[in-house]
Each structure stands twice: as C-alpha cells, then as structure tokens.
Ligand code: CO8
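Okay, so here's just one chain, in structure tokens, the form predicted on its own.
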C-alpha cells in the first residue's frame, strides 16, 4: 500500500464580479416589472407580490458580499436573469472543460507534474454540462493526460468524495497520479429570480493533484491520513432538471428545474450532521477537534460554519472567519463542491510540518465528506 499525498492545487477565477449592490439593483428591477405585469392578480389575492431584496438581507442571511461569474450581463438583465453563454460546436472545447483545464494546469505546475504524468482524471461537480461524453474524458484529452477519466456528482460534497476515490486508487497501486477537477458553473443552475436564494452561488473551478508520496517532488505536500464519507437522503436541497423532463412533458423552465432548498431545515439538520461526522472521523485516529490546526469547511453559509466550529471546539468565529476556520465565502459566495478546496488552496501556506487539518464538505443528499491531512 502506498502513502498518498496532495502535491498541488489550482484555482480558476472567472473574469467578472457581481457585487451585492449590483445583484440587488437587478433583482428589484425584475420584481418591479413582474409586480406591474401581474398587478391585477396581486390585487385580487391570486398572486403574491415579489418582495425587494437588499444588501443588508443578503449579508445577514449568508455572509456573502460578492461572487465571481463567467458572464454577468445576462444575470443582471431584469428581463432575463440568468447568464448568456454562446453555444459551442461539438468540435470546440466545452466551457466546463475550458475552465477545468485552466485550474488543472495550475495544479500540475504546483505539483511539478506534466499532464503525461496523470493516469486518471476525475471531474467532480454539482452539475455536469452534459450527460456524455464524460466531461472528465474531454478534459483528459485536452490536457494530454493518460489512463482514464470519469464524472461524479455528489452535489456540494463532490470534491471530498472524489478525493477518497483518488486516494483509494493511488494507495492500492491502481493509479500513480490522479487529477481531480471541480468545475462549478453554478450561475447556470441558480434561480436568480428567487429572493430567498438569488445571492447564493458563484462560478469557479478548483483542481487537486493526488499522487504517491514516493513520486512527489513539490515543496508543499500534505499526507492524506484518512478519508470518510457518508450520505443520508433528503429532499431539502433539490434540482429536478434532467433528461427525463421531456418524456414527462414537464415545463423545462419550471421552478423545480433549478436549485431550490428549504434553507431553515437544511441549516438545522446539516450543521449537527457535519459536526458529528468530523468529530467521529477524528476519533477513529484518536484525535480530537482541539488538536486540529485548521478546518477548511464547505463555504455555503457563514452561520453554518460558525455553528459547526462552535460545536467542535467551542470557539466563536467572526464574520470574516477565523484562523482555525478561514472564510472565502464572502468573496466567492457558495461555489458548491469547490468551496472547501478554495479555502485549502488559499489558506494553508502558514501551517508547519506536523500540523493536522480537515477538509470537509457537505450538502445535498444529504452528503458529507471529510479528509484529514497532515503537513509534511
């Protein structure tokens, strides 16, 4: 059995930023248009008027201050309220593959590897651009990597679930070097016209190189001590868009065909699940949360992370995060599976050899995955 390390990470950051103020301006203009158009139905009690959003509401509800997106004009158009992407021909590199290749090359450079050193590519994301061919295989071809590739989706836990698959492949000897990419084009599945969630997501792509310790040459290496995954079915976070919609004669633009959640239920149920999962995982190694130098948590909601850290170590985490649990949510918003990886990518340089850390993601499913690492 081989010792396995994380030897590099990469981040693709989209070119556009949408501030909360910009988002609120567009949403409120949309609300006014809708309320005017349906004024008679609203007056008759047949329809509910859309309430305005506000910067204060968004920041209090989530801790988010801005988000990166691949395209912003369509999102901020009150008559559209979703991104406007140009369709690409089959012989062109797809948008999801394009951003994945960018992040992948950065991760490989950090690891001191070439694409030819990679013998497996895992594309792990909350939403895939298409059913087939697999995004991972297109990314593999674009990079010039060897071996095989496959897609996997466990919503916001996809990255940590992929890490376990990569670790198992490398540890067993089936693979030498596995590349994980997490291209999250969340702007395309977010319902920007829903006040309760229009501010939640942002676009991004992360990449991780996982390889045998014996072949790793990077200056920055992290021993993967243990991984642990768990799922528990829930309908409280759901998206019904899929290939069967046409056969069901359902409306492709219906509200259930984009992201939706029962936010309060999710908060109440997922926080204890995540905290208990991390604590139990550490206990299998005879470790406690107090011995963890840093937690790189899924970045969905400030309040969730504050309560998880409070449950784990009794420490209060401020609105800008803390040294033990850094926050990137305010800048990137919720980036689905990429959130915990962004936190790890941006907030690990100050740790020293021997320091213990936990990468943890949680989300729809419910699903939760934790990866315990130690700085080499």
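The model shown is predicted, which means the values in this text are computed figures rather than measured ones. Positions refer to the first chain, counted from 1.
Although it is not shown, the form predicted in complex with ligand CO8 is what the next lines describe.
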(request) Identify whether ligand CO8 in the model of the complex is within 4.5 Å of every residue in the set 54, 126 and 259, based on non-hydrogen atoms. (result) yes
(message) Please identify, from 219-227, 274-282, 67-75, 154-162, the stretch that has a heavy atom within 4.5 Å of ligand CO8 in the model of the complex.
(response) 154-162
(request) Indicate whether ligand CO8 has at least one heavy atom within 4.5 Å of a heavy atom of residue 85 in the model of the complex. (result) no
(request) Decide whether residue 336 counts as a contact residue for ligand CO8 in the model of the complex under a heavy atom distance cut-off of 4.5 Å. (result) yes
(request) Would you please decide whether residue 241 lies within 4.5 angstroms of ligand CO8 in the model of the complex, comparing each non-hydrogen atom pair? (result) no
(request) Tell me, yes or no, whether residue 169 is in contact with ligand CO8 in the model of the complex, where a contact means a heavy atom of each within 4.5 Å. (result) no
(message) Counting any non-hydrogen atom inside 4.5 Å, which residue from 133, 263, 146, 112 sits next to ligand CO8 in the model of the complex?
(response) 263
(request) Consider the chain as shown here, without its partner, and state which of 121, 300, 208, 100 has a heavy atom within 4.5 Å of ligand CO8 in the model of the complex. (result) 300
(message) Using a 4.5 Å heavy atom cutoff, which residues in 179-204 contact ligand CO8 in the model of the complex? It's fine if the answer is none.
(response) 186, 189, 190, 195, 196, 198, 199, 200, 201
